[in-house]
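Take a look at this one chain, the form predicted alone, written out in structure tokens.
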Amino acid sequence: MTTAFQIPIEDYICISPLIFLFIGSLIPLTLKVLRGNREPNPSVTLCLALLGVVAALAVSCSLFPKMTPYYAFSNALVFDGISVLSAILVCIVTAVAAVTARENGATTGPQFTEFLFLLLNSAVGMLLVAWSNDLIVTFIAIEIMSLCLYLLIALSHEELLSKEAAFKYFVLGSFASAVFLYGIAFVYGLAGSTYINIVAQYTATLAHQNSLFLVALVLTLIGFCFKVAIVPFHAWAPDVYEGAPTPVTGFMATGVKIVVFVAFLRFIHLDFLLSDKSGHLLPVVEWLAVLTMTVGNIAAIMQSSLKRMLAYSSVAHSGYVMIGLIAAGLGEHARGGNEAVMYYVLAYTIMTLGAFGILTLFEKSEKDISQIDDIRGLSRRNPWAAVMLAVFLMSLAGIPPTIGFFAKFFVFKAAITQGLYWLAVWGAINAVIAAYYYLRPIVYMFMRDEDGVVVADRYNLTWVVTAIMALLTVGLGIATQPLYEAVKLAARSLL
């Protein structure tokens, strides 16, 4: 069955989560326009936006698991297991960000409708990034996602750090986009196509015959590396994470990583991309992973701000995911790498959303920036907040039985299966380094008596979503096998 434009109806069914998100962003904005630009009740606005998110989530769940890849809209988009899994995660991230933003002083207020419009449209861009089979579509989708993020950061009621963060992110992001587009232009000029599945057929031949093709691959890889803060393309992350409203930081730290790593995973599967036959890309990418883990963890040790600490922690976690990407790109036994990457981004999403949710609880106004010293003696003032933050920090450190432990375990296992023993060793060393700055706040909360930050009473919705993330962090760690089987089912479609 086709439409009048000869586009199969199945194509529209596949992109229906995107359509629901877009409609969900338009309804509150239209309501505000019809009210003479008067801001509706924030709770009503939130409910209307969440209707679109819930509808998108329901459709995505109904499509999971989709085993056989389905190419839609002239093969520009691909729908398979990881497409659906990433859509589910993006919907969850968007819902959590919208709920926590409702109670955050930097985001709620007279422009809350515009905030939700940008938030949901950034999620639309994220879905397109994860679904893209065409590098041009990937570029456009990244720009949709990024432009909304620039505005979300600048829209904060905080007048100093947020504006600086938005400007830095915009300038550096524009430069990275230019490099990425330049790489795509080279790929098209040499391979005659920007479709990833078609380029894959020529990668081995072009890598042998034309060194310029390696330049094209490197430029394209740089574009991906910037978006997930791979060293040395990470300098924007600490300032942007600190300057953005905390709900936006959590949304950006998780949603962007999910979809860009999915796109990265599709790109890394190009034939011979990381093999010795394609030149020397493999050792370069390996050292990028090592430097990213090491620089991120060492820099995090020196931070006094909790948000900057989590920003550098995010950089380090990108390095761990890179290990899985490398294992997935080597061809033989690639399945373990695919599964490790998808499991890691899922686990990272849960524990990072929870960690930034706790930080939101500490902020009584848009100008508050939580310091590590502020949480001294927190267990005596707010024991539940201290326990939940401790759970998230232990999971980020990879301490069993949390979900973060198994995320690292599967990544290291994939590396060892592919013979990347030295990468697994570096990963283990960095996990030990990271334990210091993750455990330090726990010591401050439970073993110090000083006065510090007190959780505000009005954050009821944030308490609920943060508690859910804490339960998932522990529960999915204890019962990780069913979750891993679901991830295996999703990642199988890549092979």
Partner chain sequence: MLLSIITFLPAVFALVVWGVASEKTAKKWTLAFTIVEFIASLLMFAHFKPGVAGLQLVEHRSWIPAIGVDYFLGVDGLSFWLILLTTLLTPLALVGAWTSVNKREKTFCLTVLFLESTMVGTFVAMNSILFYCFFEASLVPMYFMIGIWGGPRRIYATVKFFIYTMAGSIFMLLGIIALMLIYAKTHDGQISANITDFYKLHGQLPFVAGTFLNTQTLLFFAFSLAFAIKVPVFPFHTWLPDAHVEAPTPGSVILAGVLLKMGTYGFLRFSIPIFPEAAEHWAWVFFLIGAFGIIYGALVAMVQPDMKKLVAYSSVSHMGYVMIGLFAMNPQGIMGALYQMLNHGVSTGALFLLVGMIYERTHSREIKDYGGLASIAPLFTIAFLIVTMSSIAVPMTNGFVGEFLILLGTFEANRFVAAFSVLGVILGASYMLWMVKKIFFGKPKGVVVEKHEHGLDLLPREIAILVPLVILIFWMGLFPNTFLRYSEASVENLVQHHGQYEVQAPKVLAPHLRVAAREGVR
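Keep in mind it's a predicted model, so treat the numbers as computed, not measured. Positions refer to the first chain, counted from 1.
What comes next is about the form predicted together with its partner chain, which does not appear here.
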Is residue 9 part of the interface with its partner chain in the predicted bound form - any heavy atom within 4.5 Å?
no
Indicate whether its partner chain has at least one heavy atom within 4.5 Å of a heavy atom of residue 473 in the predicted bound form.
no
Since only the chain is shown here, I'm wondering whether residue 394 would be in contact with its partner chain in the predicted bound form (any heavy atom pair within 4.5 Å).
yes
Does any part of residue 294 reach within 4.5 Å of its partner chain in the predicted bound form? Heavy atoms only, please.
no
State the residue from 95, 161, 204, 425 whose non-hydrogen atoms include one within 4.5 Å of its partner chain in the predicted bound form.
425
Exactly one of 464, 447, 33, 44 comes within 4.5 Å of its partner chain in the predicted bound form through a heavy atom, and that residue is 447
Go through 354-362, 204-212, 413-421, 166-174 and give me the stretch that gets within 4.5 Å of its partner chain in the predicted bound form, heavy atoms only.
413-421
Are all three of 399, 439 and 484 close to its partner chain in the predicted bound form, meaning a heavy atom of each within 4.5 Å?
yes
Could you list which residues of 371-410 come within 4.5 Å of its partner chain in the predicted bound form, counting heavy atoms only?
379, 380, 384, 394, 397, 399, 400, 405, 406, 409, 410
